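Let's start with one chain on its own, the form predicted alone, as structure tokens.
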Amino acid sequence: MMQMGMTGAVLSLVRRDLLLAWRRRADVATTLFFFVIVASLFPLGVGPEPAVLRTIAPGVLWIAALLSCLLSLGRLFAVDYQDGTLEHMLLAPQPLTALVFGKIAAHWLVAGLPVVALSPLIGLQFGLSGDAIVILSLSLLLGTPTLSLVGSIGAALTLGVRGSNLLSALLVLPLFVPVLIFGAGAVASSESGMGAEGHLSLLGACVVLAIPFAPWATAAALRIAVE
């Protein structure tokens, strides 16, 4: 019963956050629009040379995805902190770590999954091959959950602090670098004819390590912020 109660609470929290995101569609659209605009401006800036576009595509697309994730992190706990929901989460009988994991999952569904869905269309602008586009989608599917998980730590540590968005970015950007390197490296390796399995395996290892650690660290930071 305890386990079923915890699972039900997490699913309810995910549904609540998705409903709130639907009501604030403009905020979600801003994040996606930012990703599309940043990725689409590079072909206009560097010129239409196909070889150049294919070379820069992995780094550009992954940087755009990373920045769009940073843009949405400020909303992860801010509303709950302001309206008192966060205090109820701390007092709930369910473990705070599980509830935090539910909020991170909802954040990824709103900010990460749409980026994964849009990435094949953006990849076509850079002239990526079909195999490279598949690897791009897989790398984002494996890497964006890690961005949400690790980013939640920075969002919790800077909660209620003036200029929290900038401070959160400074805290988590160094932790994002391995995911950026492995994700862009997977696409570049595929485009050059080399296997991308190693990079994808490292991305998978990152998310496996982040799933148990990040919610625990985030929960500890939230307790400090509320106290």
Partner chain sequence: MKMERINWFQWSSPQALYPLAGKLIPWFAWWSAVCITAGLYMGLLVAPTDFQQGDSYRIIFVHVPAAWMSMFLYVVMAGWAAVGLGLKARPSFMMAQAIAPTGALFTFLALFTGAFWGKPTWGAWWVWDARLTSELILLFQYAGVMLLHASIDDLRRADRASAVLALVGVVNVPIIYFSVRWWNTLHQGASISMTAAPKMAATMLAAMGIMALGFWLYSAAVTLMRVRSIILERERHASWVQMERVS
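Numbering follows the first chain given and starts at 1. Just so we're clear, the structure is a prediction, and the values are computed from it rather than from any experiment.
The following text describes the form predicted in complex with the partner chain, which does not appear among the structures shown.
By the criterion of a heavy atom within 4.5 Å, residue 63 is excluded from the residues contacting the partner chain in the predicted complex. Though the partner is left out of this view, residue 52 does not reach within 4.5 Å of the partner chain in the predicted complex, counting heavy atoms only.
Residue contact with the partner chain in the predicted complex: residue 67 places no heavy atom within 4.5 Å of it. Though the partner is left out of this view, residue 225 does reach within 4.5 Å of the partner chain in the predicted complex, counting heavy atoms only. Every residue in the set 181, 202 and 217 has a non-hydrogen atom no more than 4.5 Å from the partner chain in the predicted complex. Residue-level contacts in the predicted complex: of 32, 56, 169, 175, one residue has a heavy atom within 4.5 Å of the partner chain, and it is 175.
Residue 156 is the only one of 138, 122, 128, 156 with a heavy atom lying within 4.5 Å of the partner chain in the predicted complex.
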